[in-house]
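First comes one chain, alone, set out as structure tokens in the form predicted on its own.
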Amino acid sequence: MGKADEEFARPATPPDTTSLKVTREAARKCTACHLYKHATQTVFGEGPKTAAMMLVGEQPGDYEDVAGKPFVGPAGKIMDRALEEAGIDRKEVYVTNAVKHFKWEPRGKRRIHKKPNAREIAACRPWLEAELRLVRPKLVVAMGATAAQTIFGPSFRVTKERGKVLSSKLAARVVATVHPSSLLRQPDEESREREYKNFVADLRVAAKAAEKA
């Protein structure tokens, strides 16, 4: 990806509609930043329009890019297990990402995740705003720094604020936590187990707050 590609970004323009389906179809054709050129497809959010809770991650990974669905890879499997332990039915939540196209770099035959930059996040933000407007969840779970900073701003730190019920301009109730992919990167089994339990605890906080909302 060249420098010109990196600089090519403008805010997306979602349609003025009350239909999640129409918005999803419009997102399939999004060219607001260069990421669409290198991704298989747009990976829009998925879940009921009546969902009380919305989970927001960073961006689709390799599995999601191929399938066209959010959180179906290894991180998604961890998230599903944690949701179940926290008493949350994935079928009843809306799951999406701050960025809708897979950003990657080649490493041999593999496509390795590359963190989206501020321009790409800003270009894609209107799609997340549209999802929030249409679904109107009672609570949002921001998973990882990219999602949390999209919602709260660049100075937000998940490590300091995780597991708390907070408020932002985009959503009245937000709980920030780690991205489930971070659990896969833990150095040993003990660390993985500890961080997984903390992740489940954050989701339980979110579940209780959504019930009270």
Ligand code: URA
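One-based numbering along the sequence shown. Because the structure is predicted, anything quoted here is derived from the model rather than measured.
We do not show the form predicted together with uracil (URA), though everything after this point is about it.
Trainee: Taking 4.5 angstroms as the heavy atom distance cut-off, pick the stretch from 66 to 74, 157 to 165, 46 to 54, 170 to 178 that is near uracil (URA) in the model of the complex.
Mentor: The contacting stretch here is 66 to 74.
Trainee: Does uracil (URA) come within 4.5 Å of any heavy atom of T150 in the model of the complex?
Mentor: Residue-level check for T150: no, no contact with uracil (URA).
Trainee: Could you run down 31 to 61 and flag each residue that has a heavy atom within 4.5 Å of uracil (URA) in the model of the complex?
Mentor: G57, E58, Q59, P60, G61 sit within 4.5 Å of the partner.
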